[in-house]
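The form predicted alone is given below as one chain in structure tokens.
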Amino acid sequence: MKKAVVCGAGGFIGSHLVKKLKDEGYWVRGVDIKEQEFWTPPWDEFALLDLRDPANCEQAVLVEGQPVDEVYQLAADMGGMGFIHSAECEIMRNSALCNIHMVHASSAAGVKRYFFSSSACVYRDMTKEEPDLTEEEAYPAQPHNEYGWEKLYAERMAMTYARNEGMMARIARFQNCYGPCGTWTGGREKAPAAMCRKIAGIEDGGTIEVWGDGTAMRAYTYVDDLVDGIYRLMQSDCEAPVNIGRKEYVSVDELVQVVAEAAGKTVNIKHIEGPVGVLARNFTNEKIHALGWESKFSLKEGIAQTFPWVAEQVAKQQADA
């Protein structure tokens, strides 16, 4: 039985990855600075550790004095666009410390395979008419925000340790991920969860506020698709960074309409000033497709799974108020 550590297992994607690995027959230790607040993933054990501390990283990767087979490093200080624009120092410091210490601890312990969760934020701002970028076209580098710069540096760290220390590194650049059991309020939520929350909280025919003019284009990936891509990449011999994302581009206003349809409501939009991020990011998926991965969930299908869960959380919050 392979042994794996999932760093960031208390978070949204990490907790779903724990379930995927257990389904594949792994022994799994979850590690995070916080526990999963919405459900209990089926890990074999959970360690409450702050991975900004190198001693905690060293502890995380050993089981009875022996290194685990695989480390999945998803721990990061992150959130939605509002958080990314307002917490630049926290993002740069906290995420960099986790990534520097974890890749070193994994290599020093003798971990065979190391996965790093990067982001499409490593790419520059684009317009929707531009041709798709390949993974190599992250260079010359011009990320749109500090979150992207930190991710790009952490990619280089992982590749450098792999090249010099013999540990196999796999790197995935995530597109926007969504699904049940993720952050849905408080400022760190992503756009799909935020739209689900806003629409769940209004009456039919009501109005929600949307940052910007609603034309920014995005691609959203359902969490089950994403963790399947992570697993396939980790088992592959692909050493270069790989995009994982569903190529179904929609504007922010179109996302609102998809959520409104799932809610069975008519929704009006009021555009207001706020952090929007890039106009678009267009990306290729040939590398992950070559590993046998295909997105199974359309945005409509994924939102149909996500909205009822968020609506339930909104109802609970209103009942407790």
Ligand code: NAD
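Treat the numbers as computed from the prediction; the structure is a model and nothing was measured. A residue's number is simply how far along the shown sequence it sits, counting from 1.
Unshown form predicted in complex with the ligand; subsequent notes refer to it.
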Indicate whether the candidate residues 77, 98 and 175 are all in contact with the ligand in the model of the complex, with contact defined as any heavy atom within 4.5 Å.
yes
Please name which of the stretches 292 to 300, 58 to 66, 31 to 39, 257 to 265 has residues with heavy atoms lying within 4.5 Å of the ligand in the model of the complex.
31 to 39
Does any part of residue 280 reach within 4.5 Å of the ligand in the model of the complex? Heavy atoms only, please.
no
Check residue 288 for me: does it contact the ligand in the model of the complex (non-hydrogen atoms, 4.5 angstroms)?
no
Would you classify residue 252 as touching the ligand in the model of the complex, given a 4.5 Å non-hydrogen atom cut-off?
no
Given that the ligand is not shown alongside this chain, does residue 147 nevertheless sit within 4.5 Å of it in the model of the complex, heavy atom to heavy atom?
yes
Give, in sequence order, every residue of 1 to 26 that has a heavy atom within 4.5 Å of the ligand in the model of the complex, or say none if there are no such residues.
8, 10, 11, 12, 13, 14
